[in-house]
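The chain below stands alone and is given as structure tokens, in the form predicted on its own.
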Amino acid sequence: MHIVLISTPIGFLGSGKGGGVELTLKSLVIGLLAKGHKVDIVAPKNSKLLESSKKIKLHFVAGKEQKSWQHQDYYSLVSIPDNSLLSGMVEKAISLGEKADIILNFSYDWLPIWMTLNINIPIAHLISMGSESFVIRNLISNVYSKYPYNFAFHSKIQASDYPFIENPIIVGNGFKLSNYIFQSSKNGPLGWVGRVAPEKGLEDAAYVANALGEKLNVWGIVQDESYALKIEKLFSPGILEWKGFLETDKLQKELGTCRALINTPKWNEAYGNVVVEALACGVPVVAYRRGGPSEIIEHGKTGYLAKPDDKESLLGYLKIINQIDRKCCREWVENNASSNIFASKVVNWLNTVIKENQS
């Protein structure tokens, strides 16, 4: 199969601004290449991939980035800036798509979804968020009525945000397991990974670390500096150990030393990439029973699920976290979230989209 991928228009690949979409795209490419598929990737200028192959080509597009829908009002109007990066990426993908089998869109935005109705090339959409925009939700509903197979989701909980989707296609996510080293030590620090922004709930993890009298290692790009400063002022100096955004190789080495990852989103995560990355290193996770992580974590076996926004429940589970067998964490990833498993699910889905588009 020859597939054209449209990356996120929020930050170049390797910047960390695109959040989980960056890791998802890279993991899928690894799986697709291993299965012999040809891949063209349309991405913002300065993007980079660690993988290299004659069957993969990266196409750069310059322009003004889109504003993430998760940082806009739910009823905001669609806004496409002059010299739009997204428009340029869609235009390039369509040009490449004329000689490919299918276009796979990773961008949660109006334009590529709308184009599904306006070109003959099949466009599949891997939806990366829950319902974060009224106008996009309605557009997905309209496109779905004509092309019901063109949308896939990471988790059942995420798909439930779109109740008009009957029998949603769930593909999960995947990771190149050789990129993650299992570490068996149970005596390390506490960790938190994610974009530092209000919807990620870092303040709750900081509260728990402070209550335990420990430092909290924080990895991720600081997307909202005022929010980060506000959290620092809430707790004693030194509680937060800012580690910054790290590429996978460096992140997993440091993350693997933790005795637990704390996951505290205030919104419904579509999947929970950082949860699986921690598990791949053998690190158990204590998370709110909310969004994708609640489908990933096996309560009492690979971590614990606390009542949403209940910091005391998080604290209680962290006190017994060493009861978790770290080998079970790694085994879950091997059995459920390898790049090969993920790619197989996506390929099966894309074949269905192509078949339906030809009928």
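Because the structure is a prediction, the values reported are computed rather than measured. Numbers follow the displayed sequence, beginning with 1.
Below, we refer to the form predicted in complex with a small molecule, which is not included among the displayed structures.
Heavy atoms of Leu23 reach within 4.5 Å of the small molecule in the model of the complex, making it an interface residue. Among residues of the shown chain, Leu246 is one whose heavy atoms approach the small molecule to within 4.5 Å in the model of the complex. Among heavy atoms of Gly272, some come within 4.5 Å of the small molecule in the model of the complex. Within 4.5 Å of some heavy atom of the small molecule in the model of the complex lies at least one heavy atom of Gly19. Judged against the small molecule in the model of the complex with a 4.5 angstroms heavy atom cut-off, the residues Tyr288, Lys307 and Lys311 are out of contact without exception. In plain terms, the part of the chain that comes close to the small molecule in the model of the complex, with a heavy atom within 4.5 Å, is 190-198 out of 190-198, 226-234, 101-109, 145-153. Proximity to the small molecule in the model of the complex, defined as a heavy atom within 4.5 Å, singles out one entry of Met115, Ile157, Ile94, Leu251, which is Leu251.
Shown without its partner, this chain lists Pro122, Gly172, Pro168, Gly220 as candidates; in the model of the complex, only Gly220 has a non-hydrogen atom within 4.5 angstroms of the small molecule.
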